[in-house]
Each structure stands twice: as C-alpha cells, then as structure tokens.
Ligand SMILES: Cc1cc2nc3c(=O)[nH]c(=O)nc-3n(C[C@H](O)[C@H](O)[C@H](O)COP(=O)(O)OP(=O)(O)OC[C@H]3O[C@@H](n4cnc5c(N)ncnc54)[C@H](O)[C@@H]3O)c2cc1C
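What follows is one chain in structure tokens, specifically the form predicted alone.
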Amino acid sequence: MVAAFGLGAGWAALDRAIPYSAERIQAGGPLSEKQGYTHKLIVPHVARLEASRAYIEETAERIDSTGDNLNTEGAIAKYMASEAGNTAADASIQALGGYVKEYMVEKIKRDVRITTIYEGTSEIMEMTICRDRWQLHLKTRGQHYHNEARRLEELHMSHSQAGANIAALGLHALAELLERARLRRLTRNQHVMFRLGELIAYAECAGSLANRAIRVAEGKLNPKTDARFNPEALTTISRIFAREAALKVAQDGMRWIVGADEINDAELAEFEKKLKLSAIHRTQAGLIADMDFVADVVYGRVGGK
C-alpha cells in the first residue's frame, strides 16, 4: 500500500513538471528540448518509478497467486517506491523553478516524504532486506543471486533489448559482494548491512523491470496494469535502469567492502574482476541515446505511449 502511494505521488509530480517544461521557454527553446533538464530531472526518475512499479506488481501478483506473505519483497517494494517517489517530487520542484504552489508539487512533496518514514522507515527496510536476503545467501551457499542472474541471461537470449543481461551483471556482482562480506565478517558493521540492503533492492528491481518489459513485449501483462509505455519504450527504460543498478551495486558495493575491510592491491584487482566492473562499465554504451529516446517518448515527440 505505501509502495503504491510513493509510486503514485512520484508520477503525480512528474506529470506536472513534464507539461510545464514543454511550455517554458529558456535560452531560445523549451526546457523539454534540453538534455541538461530532461536527463537529470525527468528521465532518471521515470526509470526508477517504472522499476518500482514492476516490483510492486510482480510482488502483488505473487501474493495473489500463492498466498505467501513475502515480507522481504514488500520491504523492497516499499523502499524503492517511496524513495523513488520522494526524489521524483524533489526533482519536480527543481524542474518547476520554484513555481511549486500553483502546480501542487509542494503538497505532493510533503505527502510523499512521509512514505519513507511510516510503516517502517527506509532504514528499517534496508535492515529487513539485508537480514532476510543474507539468510538466503547463506542457505544457498552463495548461489541465490548467481542463479537469478543466470535466469536473466537465459531470457536475454530470446529478448536481447530488455537489459536482462545488464541486470544479470548486477546480480552476479551482488552475489560476490555478499560472499566477500561473509568471508570477512563485514556485516558486523551495521552500515554495511544497510548499504547492502539498498543494493539488493536496486538489483532485484532491475531484474523485475526486465521481466516486465519482456512480458509487455509478449502481451502477457494483466490487462488492468498501467499501459503508459509501449514495448519499445519500456525496454529502453529497462536498459536505463539496469545500467544504473548494475553500476551502483558494483561501485558502491566496492566502496563499502574496501571501507570495512583490509584489502591489498592484488586482492582489490581480483575482486574487481569478480564484480565484472569493466563489463558493467561497457554496458553504459548507448545510455545517452536511450535517454534521448525516452525523453522523446515522454514529451510525445515519438511514439512510445
């Protein structure tokens, strides 16, 4: 429920910033035609909100079909959607250049901010996510996220445009981070646990959005679900978020592993290889072109909705 609040509020804010920027003329043209505006204040938030939507709906479908509680999945949905909604509202205030009261974004920001606090703060969600997925990592002897990555790699073989291969790189990196944390007992640091919770949420949402993009392409989504974007647009959004998630997992994860552990240069180089950091960097190729396309879709300059 709170995840849905965050998702709806985030889109409500963007839906006010988008038409404003199409009409607001600055430096000889509308703001909507300027990358410095769209690629910072609009497109990244579209991707994060759609990743949140994918995870919310996937979790809801699983609850409906199995009757399972799925507490961890609920925590991930709530964490990602409330944080994404809050940052989207904040970006929309920036996007509106201070004209927030007349566009209601000021109210939306106040409303969505509380979603990161009630029913469990974002920090409690991070702890819950890491604690539960840590147990799963131990039970599977470090294979849980590697197995999830392999499933996405198989999907990529038949659906090469959805970013499933990029999401898989993030999941492989996540598995290596968790295993290093186990071997070196790094979860004794509470902050490391919290940051791992964040990275787990990003990695799982990237996989979920790739799944959603593929299901849209195959016409397999529930007819009641949101249809804001067509298959081509959603696969492009999925690639954008998968790149962000994989890079965040590998680079932020490396930061906290190194920050909590004694690691020499040789070990560091070997660990970078295990995280496939170079491969993740290479996946960033084409990012600006994808962001250009999503901006064109959002502003109705090309088909995609």
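Counting begins at 1, following the sequence as shown. Here the structure is a predicted model, which is why all the values come from computation and not from measurement.
A second form of this protein, the form predicted in complex with this ligand, is not displayed here; the remarks below concern that form.
Taking heavy atoms and a 4.5 Å cut-off, does Phe194 contact this ligand in the predicted bound form? Phe194 belongs to the contact set for this ligand.
Examine Glu123 and determine whether its closest non-hydrogen atom to this ligand in the predicted bound form is within 4.5 angstroms. Taking the distances in the predicted bound form, the answer for Glu123 is yes, it comes within 4.5 Å of this ligand.
Counting only non-hydrogen atoms and a 4.5 angstroms cut-off, does Ala217 reach this ligand in the predicted bound form? Ala217: no contact with this ligand in the predicted bound form.
Contact between Glu119 and this ligand in the predicted bound form at 4.5 Å, heavy atoms? Yes, Glu119 is a contact residue.
Given that this ligand is left out here, which of Ala91, Leu186, Ile114, Leu155 has a heavy atom within 4.5 Å of it in the predicted bound form? Partner contact (heavy atom, 4.5 Å) among the options: Ile114.
Using heavy atoms only and a 4.5 Å cut-off, determine which of Gln190, Ser160, Thr140, Asn230 is in contact with this ligand in the predicted bound form. None of the others qualify; the residue that does is Gln190.
In the predicted bound form, which of 207-215, 142-150, 123-131, 174-182 comes within 4.5 Å of this ligand (heavy atoms)? Heavy atoms within 4.5 Å of this ligand in the predicted bound form occur in 123-131.
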